[in-house]
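In structure tokens, the next block holds one chain alone, the form predicted alone.
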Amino acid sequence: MPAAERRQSPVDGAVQEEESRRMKFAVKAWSKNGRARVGVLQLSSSSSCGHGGPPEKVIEIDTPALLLTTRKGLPAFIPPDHLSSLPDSRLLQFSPMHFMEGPNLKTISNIGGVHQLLGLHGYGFVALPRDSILSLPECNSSNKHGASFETPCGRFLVKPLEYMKMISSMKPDLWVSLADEVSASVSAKRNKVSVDRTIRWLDDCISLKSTDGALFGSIVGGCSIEDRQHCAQEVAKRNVSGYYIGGFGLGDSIDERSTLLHAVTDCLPKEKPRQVCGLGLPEEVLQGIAAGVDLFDSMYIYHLTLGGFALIFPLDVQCKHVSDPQLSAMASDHTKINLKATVYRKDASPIVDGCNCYTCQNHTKAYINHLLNVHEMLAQTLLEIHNTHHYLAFFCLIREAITEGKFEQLRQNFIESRRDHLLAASLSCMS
């Protein structure tokens, strides 16, 4: 009998009650005539209990929210003592696959999970197999037994039982069920297989899970509206606390993504949170929020930082980008600047005037340019602090716009401004 048709056992009821205590979500405001929404996600982290850690702590996250992408639980370049200086940065996302090279699961479990391992008790941890940076789905190597992932340690086939052992040892606050995520180029037959496997693995994860952490059910379906809707409808029948919309950022087109996102969220209950992976650009985030998505990853920040780029787009509802010939040469889309460029070698100004992040308050473009050119890792630290701070402020702006009924205005102004600058840059190159 399918899991969705089973009667709830006393054990299932106890698990559901424990999950509702550990995680609560409420929608506070909706956009005018739209699906964008502001909510509050509340986590009660108790993973440290019994291991000598601090008592249970309640963490509140305003949504739409940005999850900080990490490597083994910490951002790639931001040290732990700087995390508290970032606004609204209480959710850290990691992939259990990163820990395959050590420490081992038994050690992590004995320590008390990722909260105890990292000493970060005031933060919520979200575990999912894919992270879009170091743990990428390899659909051609996945099979009926498990999902395949490319990692820095090689390719791994992860079965539901092995995955659940990882989750039980790491004790995250939220975790995503194992999914067979495929690229946009696969055949219709392979796409349907990915949906069937993902639903089956969700049932396996539910049957194998303990009471630790709230479960987000994975939804896949590639570029097929019918497969996406079927998967969403099936997952919505299961006993899950929220939803993970997967399969994006794997060759799909931004033009067709809005239709796919709306098709999925139409099938999901409004009272539960939705997370998506693979939407990083500002316009992609706005597209996801317009469809009713609540949680996003920050892999965009990681890639910007590695490339030496700093975010500079304006943080107001008008979103009118500054017209500056110098910026046109360095960043044609007017959202970022390349601080490796020689034009910044003697620039004594901060990255963004008025920005109150640690980097802008203490350092100049010239200094970061120097650090980048001598390959000093402090450059990435300062850039990731600024980029994360700037993007978190962008999410704060979005929440305010939704509450004030100005979200569509913000979105249209941002997209139109980007389009105008891209057109101007292309005409400049042609002349």
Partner chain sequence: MMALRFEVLGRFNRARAARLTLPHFVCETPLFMPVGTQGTIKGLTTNQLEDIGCQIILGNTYHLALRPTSELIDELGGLHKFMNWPRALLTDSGGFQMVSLLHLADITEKGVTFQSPVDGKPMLLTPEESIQIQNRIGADIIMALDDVVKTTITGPRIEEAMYRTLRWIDRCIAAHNRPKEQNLFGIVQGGLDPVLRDICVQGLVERNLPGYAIGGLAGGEDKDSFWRVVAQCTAALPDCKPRYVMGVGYPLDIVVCSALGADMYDCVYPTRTARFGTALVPEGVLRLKHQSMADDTRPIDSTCECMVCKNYTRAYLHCLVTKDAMGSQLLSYHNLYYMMQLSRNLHSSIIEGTFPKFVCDFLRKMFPKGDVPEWVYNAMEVAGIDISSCSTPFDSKINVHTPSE
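From a predicted model like this one, the values you see are computed outputs, not experimental measurements. Positions refer to the first chain, counted from 1.
Not pictured, yet referred to below: the form predicted together with its partner chain.
Screening I59, A26, A29, A366 for any heavy atom within 4.5 Å of its partner chain in the model of the complex leaves a single hit, A366.
Note on contacts: among T335, Q116, S142, Q287, the single residue with a heavy atom within 4.5 Å of its partner chain in the model of the complex is Q116. Within 4.5 Å of its partner chain in the model of the complex, a heavy atom is found for all three of P75, N104 and A348.
Note on the interface: of 393-401, 36-44, 378-386, 60-68, the segment with non-hydrogen atoms within 4.5 angstroms of its partner chain in the model of the complex is 378-386.
The shortest heavy atom separation between R257 and its partner chain in the model of the complex exceeds 4.5 Å. Taking the partner from the other structure, its partner chain in the model of the complex has a heavy atom within 4.5 Å of a heavy atom of H82.
Taking non-hydrogen atoms only, F309 never approaches its partner chain to within 4.5 angstroms in the model of the complex. Within this chain, V240 is remote from the site of its partner chain in the model of the complex, having no heavy atom within 4.5 Å. Contacts between 361-376 and its partner chain, taken as any heavy atom within 4.5 Å in the model of the complex, involve N362, H363, A366, Y367, H370, L371, N373, V374, E376.
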